[in-house]
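Just the one chain here, the form predicted alone, laid out as structure tokens.
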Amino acid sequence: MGILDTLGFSKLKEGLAKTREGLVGTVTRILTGAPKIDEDLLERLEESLIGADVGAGVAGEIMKGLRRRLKDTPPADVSGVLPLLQLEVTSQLAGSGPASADPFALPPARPYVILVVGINGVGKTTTIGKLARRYVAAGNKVLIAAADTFRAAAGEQLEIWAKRAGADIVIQKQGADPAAVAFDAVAAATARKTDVVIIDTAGRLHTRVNLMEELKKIGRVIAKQYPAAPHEVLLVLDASTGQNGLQQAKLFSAASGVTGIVLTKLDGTAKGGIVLAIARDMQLPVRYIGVGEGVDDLQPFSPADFTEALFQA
């Protein structure tokens, strides 16, 4: 097991039930009906990976690694393919997850500034609230900046989450300049000796060039005041969008320099294979995953825990 405790791992395993059935369940059925390990079997396995939203390119990489493992350590029978596939999936995810064993440990920089981006409906507000609560629980002073000034209810929803989390909030009237809100929040955090600043942004349609330009502006304004910031740019993606999430990741990365992914709603989809596509195709670490509605269901992503929960019956 990786960084999760027993309860966290149990929640992860439960949250991955649909993906497990869609990916590992299909693989298991293919292996069960196969008389021997041959090229036909491997091609069927590759097709099953593609069908689970791993993506053709990543599926090809996984199968290349699996073939190498089968050659180096040939299993006695077909049943030995599954553990080798698990090892290869874990290897493909290397580099994802938190930077340390404690995902909520902070580097020396204060305030530590996190910019949160993503389109409408992916769970951005909820993610910010849950992150704030976890940082507060770890003993940090947290400030949330409501820089989504376009959606009428955005500030109100964040205010509710800030109260739940025990965090401060900087909020301005609807229509205010989002970059100004972000600037004010970082200034306030510096004055108040705040540990963490989490900046919300509007749920931008990734096809809207002007809104992407505004994201760039927010980054520039923050950096002028605090050159090292933002220290982390988290892109929130809905796991159920599957391969569409890759396109969002590419566009947001170009606009805001995404440093990590938060993948939400994994419990409601069979498309959890997108984790592999993001990690390999985008070379972006998956920082957190959402496996339920509860505040503790936003979990730090651990490749070891993820693959163990995925492949464990």
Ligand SMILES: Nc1nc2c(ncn2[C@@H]2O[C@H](COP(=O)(O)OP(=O)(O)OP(=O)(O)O)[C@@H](O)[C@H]2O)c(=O)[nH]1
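In case it trips you up, residue 1 is the first one in the sequence shown, and so on. Quick caveat: nothing in here was measured; it's all calculated off a predicted structure.
Although it is not shown, the form predicted in complex with this ligand is what the next lines describe.
For this ligand in the predicted complex, the listed stretch (115 to 123, 70 to 78, 177 to 185, 163 to 171) containing residues with heavy atoms inside 4.5 Å is 115 to 123. Taken together, the three residues 148, 267 and 292 all come within 4.5 Å of this ligand in the predicted complex, as judged by their closest heavy atom. The closest heavy atom approach of residue 242 to this ligand in the predicted complex falls outside 4.5 Å. In the predicted complex, this ligand lies within 4.5 Å of some heavy atom of residue 203. Though the partner is left out of this view, residue 86 does not reach within 4.5 Å of this ligand in the predicted complex, counting heavy atoms only.
Looking at residue 157, you'd find a heavy atom of it within 4.5 angstroms of this ligand in the predicted complex.
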